[in-house]
Structure formats: structure tokens, C-alpha cells
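Coming up is one lone chain in C-alpha cells, specifically the form predicted alone.
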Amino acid sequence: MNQINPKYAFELTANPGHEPTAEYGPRQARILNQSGLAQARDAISSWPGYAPTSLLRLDGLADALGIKALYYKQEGERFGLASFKPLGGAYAVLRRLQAEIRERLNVETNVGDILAGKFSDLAAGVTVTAATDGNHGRSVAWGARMFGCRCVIFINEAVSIGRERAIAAYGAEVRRNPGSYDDAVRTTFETARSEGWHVVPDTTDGETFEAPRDVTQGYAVMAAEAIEQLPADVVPSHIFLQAGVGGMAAATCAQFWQSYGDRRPTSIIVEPEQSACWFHSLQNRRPTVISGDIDSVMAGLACGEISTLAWDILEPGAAWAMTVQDGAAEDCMRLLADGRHGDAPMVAGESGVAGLVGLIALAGDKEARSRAGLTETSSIIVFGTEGATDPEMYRHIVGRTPEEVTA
């Protein structure tokens, strides 16, 4: 076994609410279920450019970490948006538009009719909106353009100009809101109520349920793909899941839970140390708001409030939570770009590496890896949820452009 160097600092806590042998019950199924997954897959697979993203095996890094196998789901390939987010945001836009057509015209419609422009006049009068720190807003804007809706996206002060321009490139009106991501979320809901717009959030305000559920159900397509791509004889022991508000982590945990039952892998939530709302919520056994400066280089995870919708899945479903530091994410991006342990060089974005950072940190600590049951026989899955979604930021951190890394 080679040694990972440097070691990454982290904090680990067990989730006292974890129920490792519990069945996937009604509390979870009301949010995510196999019927909903089938609907989402049927719709998403019909979109132009759809293909399952790659599940890569990183044997060199696995050897360095002292584990049997490491599988990396490469979401940088998704729909040309370099992120898993279109699975959720764009799918929820579609569902909102279908609901409007049903309500106004009393007609059930399919994706093909909408893409063909059959309801273009109605769609043009529908405005969808969302708050974002980058990727979710881009996916909502992309979906709105694909389906013919108007789109307004709210961003917070810390969102880079590059990410703002990437959203606007899909035809959305982008409004910069003072404060944090959570402040932008509140402004989005308030504006939508006053304007009659449709919010497509990746979190819930406690009142909105269907749209964030659709977002989360769309994310489950990524997890379903990964399960199908695993070798038939592999039952993963652990999944490391980065969490902002928790939608992706909940969708992935839920899909593995439904697929493997009491053999499901140990789910470990990973967050930036300054915005660890899940770490503290699970530790406290109640949703806990994080205040103060929550900005992180892992911009997609810089959230101070969890999604209560995700809570119903992760509160019993996640075994551990951990925090990691910004510098570790930057080093992990360079590690992958360099192919530091013999694997092919790979482009991964700041938020996209957080789960892998958690694995590297845990594997390098003898006591912590023992607590979490990480051994030389462990097979691990991590989700590289974004590529270089901000190419300039990527070049600044890695020292090369994405194109130079993969040349």
C-alpha cells in the first residue's frame, strides 16, 4: 500500500439516529420511490444528449488508501453541463410545466410533445425560478430553455462571475441577492409568491414539497445508473456523499437503501467545516441552522440550512457525518488532475471532490477508519458531482486548464 500525503484534517461524528437494519418505510417512500424513479428515468432518458455517465475504477488511489476497490461516478460528463444537477433541476422544470398544461388545458402530455413545441405558447407564459450557488441554477436555466419557459435565477454575493455568466448563457435573467445562499433561497420564495412564478428549489421552505421532491427524484437516476454499472459480484461497503442542503445525498442514500435493503452500504455525509449543517443536525438529532461566514471554495455545499425533505431519509439512513477543509478539496482536485497514484488524469470541480476528500481523510486515520469499518476488503463509491463548472476557478486551483489536464 502506498501512502496518501498530505493527510487531510477532518472531524467525524456518528449519527445517533441511524437505523442500519430498518426497512425503507413509508416515511421515506413518500419522498422517493421506485415508481417515481421510473418516471424520472423515462423522461430524462428521452432528452437530447442523454447517456449514463461513466463509473470509473481508481485502482491506484484504492491501493494508496488501503481498500479493495474505489469507484468514481464521473458527473462531469452530464449533458455538457459538467454536473449532475440537470437530472434534478431540469426534470423539475419539466414536471412544473406538465402540471401547468394539465391544470390549464386538462391534457396529459409527454416530453416529446413539449420538445416538439406543441405547447410553446403556454410554456412561454410560465416563469420558473430558483436560488443557486451555481450548478442548480444553471440546470434550471438549461431546462427552461429546452422546454420553452421563462427563467429567473437568484444568486448570492459569493457566486463567481464565471458561474453567473454560465447561467445567463442559457437565457435566464440572473439577479444577485445580498447575503448567503440561504438568504437567496428566502428571496426566491418571497418573489415567486408575489409574482406568481414557479419555484424549482433543491430544498424546501417547509411548505413547498412537490418541486424539491422532483429535483431529488431526478438525482436518484445517477445513483440507479451507478448501481447498474457496478460489477455483479460487488456489494459496496461505503458511500461518501457530499451534502449542501442534502438532496443529492438523500437521493443516493435512498436508492442504495431500496436496492440493497439491510445489506446497504454505510453512508457517510461530507461537508465543508464552516457550513456543516448536516454534521450538527445529525449530531443534535434535529435540523440545526449554521450561521456566520459559511462561504467555501466548495461553493455548491456552502449552505447553512438543511432540506427538511432530505432529513426524512438521511436522519435514519446516514451512519456518519464529517467535515473537511477547503484546502483539502483543492489538493484533491490537483491529485486527480495529476493522476498522482497512477490513475488516468481526471477533471473534478471543487464541490465534486468533497466525498473523495472525506474518504481520503478517513482512510488516513487509523482510529477513524476502524470506527467507520473501513478495511482492506472495503469497496467504496464516491460521486464526482461536478467537473470544471467554473473553468477559471479550476485553472486557478489546479494550475492548468481542464483541456490541458485531459490532453
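Numbering starts at 1 and runs along the sequence shown. Being a predicted model, the structure only gives us computed values, none of them experimental.
In what follows, reference is made to the form predicted together with a small molecule, a form of this protein that is not presented.
**Q** Since only the chain is shown here, I'm wondering whether residue 138 would be in contact with the small molecule in the predicted complex (any heavy atom pair within 4.5 Å).
**A** The answer is no: residue 138 has no heavy atom within 4.5 Å of the small molecule.
**Q** Residue-level question: is residue 214 within 4.5 Å of the small molecule in the predicted complex, judged on heavy atoms?
**A** Contact check for residue 214: no, nothing within 4.5 Å of the small molecule in the predicted complex.
**Q** Taking any heavy atom pair closer than or equal to 4.5 Å as contact, tell me whether residue 300 reaches the small molecule in the predicted complex.
**A** Contact with the small molecule, yes.
**Q** Although the small molecule is absent from this view, report whether residue 133 comes within 4.5 Å of it in the predicted complex, heavy atoms only.
**A** The answer is yes: residue 133 has a heavy atom within 4.5 Å of the small molecule.
**Q** For the chain seen here without its partner, which of 325-333, 285-293, 237-245, 95-103 has a heavy atom within 4.5 Å of the small molecule in the predicted complex?
**A** Among the candidates, contact is made by 237-245.
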